[in-house]
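One chain comes next, on its own, written as structure tokens: the form predicted on its own.
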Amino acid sequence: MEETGTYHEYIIIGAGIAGIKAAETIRACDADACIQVISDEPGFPYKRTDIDKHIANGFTNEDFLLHPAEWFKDSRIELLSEAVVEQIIPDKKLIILQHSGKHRYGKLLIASGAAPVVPEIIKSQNIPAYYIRTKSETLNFLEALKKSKSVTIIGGGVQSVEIAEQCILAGKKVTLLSRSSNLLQKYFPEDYSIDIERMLSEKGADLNLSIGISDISYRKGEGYDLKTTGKIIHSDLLVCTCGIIPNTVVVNNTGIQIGKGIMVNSSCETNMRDIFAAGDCAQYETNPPAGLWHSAEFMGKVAGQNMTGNTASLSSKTFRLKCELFGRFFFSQNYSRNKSITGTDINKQSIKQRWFITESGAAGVVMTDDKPRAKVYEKAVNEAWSIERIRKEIPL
């Protein structure tokens, strides 16, 4: 092998939960291997899903860490922060980093995550906006929020409503715009969505659903004017939460197959020898990346096991989504809009369950205000419990 650049048996591009879970798994399976994790962010890896839940109270760079600094030293895992991958050369098993030279690998995991979707109207007019995806950008948003009175949020998903809640708790006037007819409609049936919408409205949010934006103007120091059907909405700050797109730029011109994300098989292998992918950048079968924390974590574990010669497989396992707003808890797992799957309601006081039952058993569930038993709901879906067993083991 050509002696050019540093060599690690395992290199992981990306320090989100998929990359860190893979590093943990590799170390557990191979006590002596040289492991390197490459991160394009400053500082130590953190739990990304926590940052938009702590806008009202604020946080620091030391919060939400997946592991303390000592863990990397004790685990003998080298972390390169603020390192940008310039090129991957699969036939030479070589990575070239900006300002950091050449790095050779035995096996490579790409866990580069995803980037926020930028609406075309914002992109085309080069409108500045906030995207709550990284800790550093969110900290910048917190500083701007302190000096502002109003915030407009574009989007209708989980992050949209969580940021809306936090900005309301921070005492700001909040406007939420979405093309969707209901909030969180990917994860909840209409009546559950309406419950969330009603609560946000009662707390002061101005909800504008089934509505598009025809124009945006921005003046520094004066804020934004968003032109919609019938009115112009003014705000000091603009936040875009319009979904994510897999970060696949790192594999451009490598021969690695890309669909909606980096294509992998059930072992998280790409079409290139000794190159794996996991997390929000990866696509298994025909499904787009899930964009869920626990899905990325599971993929990282599967990749780590297979990279070390063990056998693990991506399965039909599904993952939960949870959302906490103003003290209430909303839960969704494998919710389907398939009209042929009947929903069975089990309600008592504030707790609501709707189970989606097939001949094989529970295929999905939505639930409110039963947080202590959330993992039991997840288990019931993944094990396809019957409705009789559900009534017995998750009684209301």
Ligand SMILES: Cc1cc2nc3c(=O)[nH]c(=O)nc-3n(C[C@H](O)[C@H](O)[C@H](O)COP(=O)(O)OP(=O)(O)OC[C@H]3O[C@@H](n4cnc5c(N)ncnc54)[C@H](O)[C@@H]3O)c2cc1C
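It should be emphasised that the depicted structure is a prediction, and the values quoted were computed from it without experimental measurement. In case it trips you up, residue 1 is the first one in the sequence shown, and so on.
Here the subject shifts to the form predicted in complex with this ligand, a form of this protein not shown in this document.
Note on the interface: of 166-174, 278-286, 255-263, 208-216, the segment with non-hydrogen atoms within 4.5 angstroms of this ligand in the predicted bound form is 278-286.
When this ligand is considered in the predicted bound form, residue 367 lies well away from it, no heavy atom lying within 4.5 Å.
Not displayed here, this ligand is kept clear of residue 139 by more than 4.5 Å at the level of heavy atoms in the predicted bound form.
When contacts are judged by a 4.5 Å heavy atom cut-off, residue 17 counts as touching this ligand in the predicted bound form. Residue 152 falls outside the set of residues with a heavy atom inside 4.5 Å of this ligand in the predicted bound form. Here the marked residues 113, 291 and 322 all reach this ligand in the predicted bound form, each with a heavy atom within 4.5 angstroms. Just one of 250, 77, 238, 184 comes within 4.5 Å of this ligand in the predicted bound form, counting any heavy atom, and that one is 250. Checking 226, 200, 85, 145 for any heavy atom within 4.5 Å of this ligand in the predicted bound form turns up a single hit: 85. Residues of 24-60 lying near this ligand in the predicted bound form, listed in sequence order, are 38, 39, 40, 41, 48, 49, 51, 52, 53, the criterion being any heavy atom within 4.5 Å.
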